[in-house]
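A single chain, nothing else alongside it, follows as structure tokens in the form predicted on its own.
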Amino acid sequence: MLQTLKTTLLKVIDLTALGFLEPYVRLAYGEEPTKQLRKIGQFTVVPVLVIIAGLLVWATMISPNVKTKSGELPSPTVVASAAGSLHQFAIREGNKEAAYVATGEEREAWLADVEAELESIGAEVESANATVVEARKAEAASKSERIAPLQAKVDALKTAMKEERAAKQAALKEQAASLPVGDNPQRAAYLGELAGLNAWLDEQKAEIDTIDDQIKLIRDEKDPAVLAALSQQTAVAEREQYLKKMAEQLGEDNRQARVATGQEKLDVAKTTFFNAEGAAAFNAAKKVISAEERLAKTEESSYAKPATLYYQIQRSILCVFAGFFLGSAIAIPIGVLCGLSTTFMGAMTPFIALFKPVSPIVWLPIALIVASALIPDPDKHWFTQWMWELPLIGQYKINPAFMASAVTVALCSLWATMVNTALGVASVDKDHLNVAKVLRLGFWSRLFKIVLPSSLPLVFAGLRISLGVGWMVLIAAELLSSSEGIGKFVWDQFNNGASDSFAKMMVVVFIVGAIGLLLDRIMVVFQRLVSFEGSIAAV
């Protein structure tokens, strides 16, 4: 039983290309402990130490020394804090959404807890504000103390330069009165003295500018104590704002409460209508219809939840797979035909050579123009309306920008699949084809029973490359098309200019890399499932 489990685990590890886990399994079964420990050190300990070293270099050497208009490069700690902030924002928005539709005793109990927390947070807000004020005062005093001697030096240099310049200029003016007329050595020397005065003034100004730059650097420095106080102030303010919004969602803005209010207004309108006569009955009837429509909309309403990072990640993954499947649907049949027919290959080669190098930045505007022409108004077009009503997919609001991004992914990623499919089909063992002829198999039988199964390892190698290319292309496509997703999130943060925007963009760097790695591992599993023993495609 244990031996069977070991064999199964090793097969799973090999299939998923997680070879660094193999020595752990073998060590657990007591197989060559020294050798397995050496492998663990080689494939686990060393990479972990390198990662830790990289983080230390980033935190101590790179981050403090890279200065930008948005501040210094965020350190690993700041990036981790930004990731926590993004996660907290998503959790809070989910709570607001749940609070909007909460009903009955659950809503009342939740509202009581929120109101109690709101009462207690006032002291935290005052404390955080006072801490910021004190930190700013201490920062101002410290900077003033450091700037004072530098500013005194600048003032002294300016005064000395002004006095000396006046004296030298007066001497030169007196000397000018005694210069002989004509081109002579005295006038040449005079020009040299005047040029020397200008050079001396430039040197003095450069020295003053250098000190001014030092003063500016001191003023622009971010005091860690102030940053910490501001961070705490922001966190408390955001929590207070969240609690206030929760109180609204559970109270007056709650759907159940709004439905009850709307029902009361409808009942009043009906009573007025039932008692009205003549022309007044017509106006009262209109009010009844209006109240019924408002009530129906309220009953069907949902919380207008902003796009969180998790939502944008999901939408990006949906978009990349839409483009990937579209590209694969185009690339695989063409690749098969290219592999089966040298004539067809010759006909397609010019198109492949011409369109393969085209950048996604070129394809995207074209795709946007076409998608916008086909669906000028997504809110009224039948296709988008149908897509929005689909389960699971409907929440992502497929629109022309999404379609353009997916098409761009398809156009940029299909080439690897097409070429590898053609190579795989063309490389099918001739003996297999000869056997098919002997058995008198038809074209479709040969295609689905011999050609495609034999070429699958190379096809999946191409699909793996295409998915990786598509994921890289997608981020740029979303950024340029303003389609909701990771790319748009990065662009929004770039334009936001908030103190933590830079750190949030760094968070996305790791998210994009992690998702790309996960997608690659998924394709490796499929690739190895169809690869033959020892096939180069399985590497």
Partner chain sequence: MLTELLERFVTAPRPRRVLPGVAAAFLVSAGTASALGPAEVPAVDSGETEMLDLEKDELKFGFIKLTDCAPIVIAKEKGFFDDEGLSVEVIAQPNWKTLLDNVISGELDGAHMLSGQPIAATIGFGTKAHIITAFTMDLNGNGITVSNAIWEQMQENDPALDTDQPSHPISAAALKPIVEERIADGEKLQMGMVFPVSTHNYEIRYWLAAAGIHPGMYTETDIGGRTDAQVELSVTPPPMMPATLEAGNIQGYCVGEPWNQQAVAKGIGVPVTTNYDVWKNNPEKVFGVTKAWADENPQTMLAVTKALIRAGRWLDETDDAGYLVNREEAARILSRPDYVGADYDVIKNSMTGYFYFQRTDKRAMPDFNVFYKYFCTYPWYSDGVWFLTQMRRWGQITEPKPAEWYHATAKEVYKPDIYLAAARMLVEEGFILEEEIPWDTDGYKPATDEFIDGKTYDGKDPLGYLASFQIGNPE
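Quick caveat, the model's predicted, so the values are computed rather than measured. Numbering follows the first chain given and starts at 1.
Just so you know, the form predicted together with the partner chain exists too; it's not on screen, but the next bit is about it.
Only one of 30 to 38, 493 to 501, 43 to 51, 56 to 64 has heavy atoms within 4.5 Å of the partner chain in the predicted complex; I'd like to know which. In the other structure, the partner sits against 493 to 501.
Answer yes if any heavy atom of Lys380 is within 4.5 Å of a heavy atom of the partner chain in the predicted complex; otherwise answer no. Yes, Lys380 sits close enough to the partner chain in the predicted complex that at least one of its heavy atoms falls within 4.5 Å.
My question is simply whether Met387 lines the interface with the partner chain in the predicted complex - judged by any non-hydrogen atom within 4.5 Å. No, Met387 stays farther than 4.5 Å from the partner chain in the predicted complex.
Does Pro76 reach the partner chain in the predicted complex if we count a contact as any heavy atom within 4.5 Å? No - in the predicted complex, heavy atoms of Pro76 and the partner chain never come within 4.5 Å of each other.
Is there a heavy atom of Gln241 no more than 4.5 Å from a heavy atom of the partner chain in the predicted complex? Heavy-atom contact with the partner chain at 4.5 Å: present for Gln241.
Which residue, Ala177, Ala304, Val181, Ala279, is the contact with the partner chain in the predicted complex, using a 4.5 Å heavy atom cutoff? None of the others qualify; the residue that does is Ala304.
Residue (of Arg255, Lys265, Arg446, Lys153) lying close to the partner chain in the predicted complex, criterion heavy atoms within 4.5 Å: Looking at Arg255, Lys265, Arg446, Lys153 one by one, just Lys265 meets the 4.5 Å heavy-atom criterion.
For 212 to 231: residues with a non-hydrogen atom within 4.5 angstroms of the partner chain in the predicted complex? If the 4.5 Å heavy-atom criterion is applied to the partner chain in the predicted complex, 212 to 231 yields Lys216, Arg219, Asp220, Leu230.
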